[in-house]
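Only one chain is given next, in structure tokens, and it is the form predicted on its own.
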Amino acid sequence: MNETANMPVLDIDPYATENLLDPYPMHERMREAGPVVRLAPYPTVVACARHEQVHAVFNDHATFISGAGVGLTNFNLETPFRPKSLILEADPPLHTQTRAVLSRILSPKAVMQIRATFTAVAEKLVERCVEKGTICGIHDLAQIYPLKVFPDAVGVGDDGRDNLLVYGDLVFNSMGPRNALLARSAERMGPVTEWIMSNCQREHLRPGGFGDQIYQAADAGEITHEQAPLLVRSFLSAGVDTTINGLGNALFALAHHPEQYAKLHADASLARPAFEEALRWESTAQTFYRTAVRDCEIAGVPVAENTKVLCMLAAANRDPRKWPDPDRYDIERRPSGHVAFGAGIHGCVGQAVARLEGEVVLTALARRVKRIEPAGQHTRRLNNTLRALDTLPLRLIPA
């Protein structure tokens, strides 16, 4: 480590395989080195791993913009591989306009209207898993459930939904460097992009679903008809992978903390807190970037215009300055203020739906399953941005 302009420089690559497999030692090094650090492999980037600085950057959208991309690539200097997201990679006033439409479509009232359907699907799926006894928590539950309920709510047809997994993998890998993970994702794309954009068109969306409601907003003049399919695409690229991994990580946490699952089994009303704590403890999205729009400071440290700022969400969510005993998974903790969904004006617009999915699945499990036990060694699916499991063998002991 050395000091450059009052900023520690660490020889750390967040995208190295060992750090993707086990990021927590890296997170601790970054947090303890200082509020802002440089990473030797990425000299144009500064990184924040403490909660206070990550939260501050996310909440200063005028200084730290999203329109230059929320990944490593600077869209002010390079062309993105696909048209920019009108919600994730946009700044006011465009972001204000598009987010208002999505926020209305995904309002608390809308979420209440889908709750009964989401609950019924969760209960039926958990029942099937209990009958099997030994399952893969990913392929039998965490993956199947969001692939069913969320595209149904958007209004996407049943055929080809596995394309959403391939597309999401590419989108989140593209937020890192041009490494082997990104290359492998790109190789798998084939006809996937065509399927995605085809299913963003109005004629392929069920009337009344979230996707159709975006086109209704275009009819009303709130957005243009050219913007509508790109907003539907935002649903499809961000609304499945993140929830799959959030559910998978929650199952992993509960299987490896039997005393916590016992509390959940005894009191199913802890399902929402159990999911929320899992988001903090094992953050689905590990990193997002912002770009400094002018010369500025973070925690008193100078940051030059056009610098990419790497916000380490997962490190912030285990910052001992914010959380007592942060490495402990505790479903009775109320982890208010975690940044698993981001923060500020770009906080995840679909987080209410994700929370609903987590809550109803864990509620169904709590009522039907006495214990969840590991039934073998889990494996990880490496991704430049996501904390993901590929397999999670579990044994479900019925209540």
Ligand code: OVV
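One-based numbering along the sequence shown. What you see is a predicted model; the values in this text were computed from it and never measured.
Same protein, other form: the form predicted in complex with 3-methylbenzoic acid (OVV), not shown, and the subject of what follows.
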Exercise. Counting only non-hydrogen atoms, which stretch in 137-145, 111-119, 79-87, 248-256 is within 4.5 Å of 3-methylbenzoic acid (OVV) in the model of the complex?
Worked result: 79-87
Problem set entry | Residue among 210, 150, 172, 275 with a heavy atom within 4.5 Å of 3-methylbenzoic acid (OVV) in the model of the complex | 172
For this session: Sort through 238, 270, 105, 217 and report the residue having a heavy atom within 4.5 Å of 3-methylbenzoic acid (OVV) in the model of the complex.
Result: 238
Exercise. Any chance residue 234 has a heavy atom within 4.5 Å of 3-methylbenzoic acid (OVV) in the model of the complex?
Worked result: yes
